[in-house]
Ligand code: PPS
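Next comes just one chain, in structure tokens: the form predicted on its own.
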Amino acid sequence: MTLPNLAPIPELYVSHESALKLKVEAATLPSWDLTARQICDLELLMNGGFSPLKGFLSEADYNGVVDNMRLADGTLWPMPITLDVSEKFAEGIAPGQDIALRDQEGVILAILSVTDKWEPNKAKEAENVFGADDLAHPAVNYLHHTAGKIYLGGPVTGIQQPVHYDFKARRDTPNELRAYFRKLGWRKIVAFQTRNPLHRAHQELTFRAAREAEANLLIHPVVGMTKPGDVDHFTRVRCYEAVLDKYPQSTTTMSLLNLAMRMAGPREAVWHGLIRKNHGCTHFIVGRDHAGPGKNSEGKDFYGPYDAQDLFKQYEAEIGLTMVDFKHMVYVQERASYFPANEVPEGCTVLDISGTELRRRLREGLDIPEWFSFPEVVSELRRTSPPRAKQGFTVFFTGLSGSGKSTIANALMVKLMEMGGRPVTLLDGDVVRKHLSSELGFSKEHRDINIKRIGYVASEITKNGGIAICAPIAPYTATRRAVREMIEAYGAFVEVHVATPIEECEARDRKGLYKLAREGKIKEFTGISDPYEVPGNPELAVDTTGVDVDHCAHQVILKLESMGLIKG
């Protein structure tokens, strides 16, 4: 049997001496502060994980990749690796210029020699790469709402790799893994890509895959960006480490991959294969609905369950890796062991727990059986995902001025403090204006900034297990949605629309604001000269007309109880 090609692959770094010199020179160059995704991409460009790429794609390479998964020279490459920047930054940049690429602390990581600058057709990129220009796809959403409007392309000169303070012993470059395989004399290496915690079915699957391929096993989880809502990588790596000793030490190793996933299904599977080839692997497990993002805006899966396997098979020889089919493993009660779903003995009872069911059991503090997962993994997940009644959450009141938001919010705060158990913080609109946003006016731009500041503070409170109660007017749907996304990364977001009609609000007019707005003395006043966009689907709507405050606050308490956030 011949050894796999484990010779070192080209990296884009310069020598230590050259790097020191370049750092000094780069200090005078225009600088681009890289986003989290761009840092992941740059690291894999520099260390050879994205070989044969020598930098961010030129326009010709980008067009080839988008159109037919090939670089301009015909080389197979399925994913656009582009440096997206803002229009404002791009105005001062021209091809032939060098720019310094910095991390979020301002450290210079590399120099980009710009050869191309263009405005891409993002709708076409979404259609071709992700299969649909559908904002329900996280990468398409990112493309339209987060990524810059202009792309820069050109070769990269690596000065230093991004610094990681976590799990340093588990992070290996492609060449470090190749050297490790060489040293141990491993001839066949099957890579397992994962962005989820490992449960017993995964262990059984990887055991079988390695046995069938007569190969050693590389557990190669992604710790860069994954799908919004995924378990954070700190928790996942602790879960992986907890079960690593269930594998034979002499034939299994684990390394972390700082990849920013795009959840592009079939194209992503081919991309993952090329990346694992660069890391010295010979086989790759391609899963059912590999790197699928879930449901589209019509409630259907973005990709068919075997589309990724079919596309990988089509390019298998060119990728240079052998595909190992993912077998969907299920637990057979009578045999007390796992079987591939298509090999279950007739008449036997199949047990399975979906991801949704697992999250429900964690949220409600219910039992998770040992046949499904290892106690060590469940213990780690419970630390990160305690039952809902112990998690932080945010109650976000929205409504017109004078609708009763602040009054209900104050009553709710007192009721929650009476219950005890978690710290409660009230972020009232007027108080926030005084302490956090005193320099802001009331233009749409300034209102959005103010609401996002409230959302950021509430997300931090939620993340740390507290209860945040917010009571701004928050008139715009898009801003409320942005705040919801910010908070739901850490806990529940409960939107309460205080739907008191404007006639009632104006009749109260305790501060005389409506009168001044009618007289034109206050510009851009919500409900009079500026719109209020009514929430389409709040968790709760209350109208304070002729209803006492205690009743309204009690309605919120009942909603929180029904959601499992508090216990009565």
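Keep in mind that this is a model prediction, so the values were computed, not measured. Position 1 is the first residue in the sequence shown; the rest follow in order. Take the two forms, find the largest set of C-alpha atoms that superpose within 1.5 Å, and that set is the rigid core.
Keep in mind that the form predicted together with this ligand is not shown, yet the notes after this line are about it.
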**Report entry** Residue among Ala499, Leu513, Ala26, Ile39 with a heavy atom within 4.5 Å of this ligand in the model of the complex
**Finding:** Leu513
Query raised in the report: Among Asn141, Thr226, Ser406, Thr253, which has at least one heavy atom within 4.5 Å of this ligand in the model of the complex?
Result: Ser406
Query raised in the report: Among 319-327, 363-371, 430-438, 193-201, which stretch has residues whose heavy atoms lie within 4.5 Å of this ligand in the model of the complex?
Result: 430-438
**Report entry** Any non-hydrogen atom of Asn278 within 4.5 angstroms of this ligand in the model of the complex
**Finding:** no
Query raised in the report: Using 4.5 Å between non-hydrogen atoms, is Asn450 touching this ligand in the model of the complex?
Result: yes
Query raised in the report: How about Trp32: is it within 4.5 Å of this ligand in the model of the complex, going by heavy atoms?
Result: no
**Report entry** Partner proximity in the model of the complex: Glu524 to this ligand, non-hydrogen atom cutoff 4.5 Å
**Finding:** yes
Requested in this report: Scan 463-479 and write down, in order along the chain, each residue with a heavy atom lying within 4.5 Å of this ligand in the model of the complex.
Outcome: Pro472, Ile473, Ala474, Pro475
Query raised in the report: With the core lined up, does the C-alpha of Gly402 move 2 Å or more between this form and the one not shown?
Result: yes
Query raised in the report: Quick one: core overlaid, is Phe442 moving 2 Å or more at the Cα between this form and the one not shown?
Result: yes
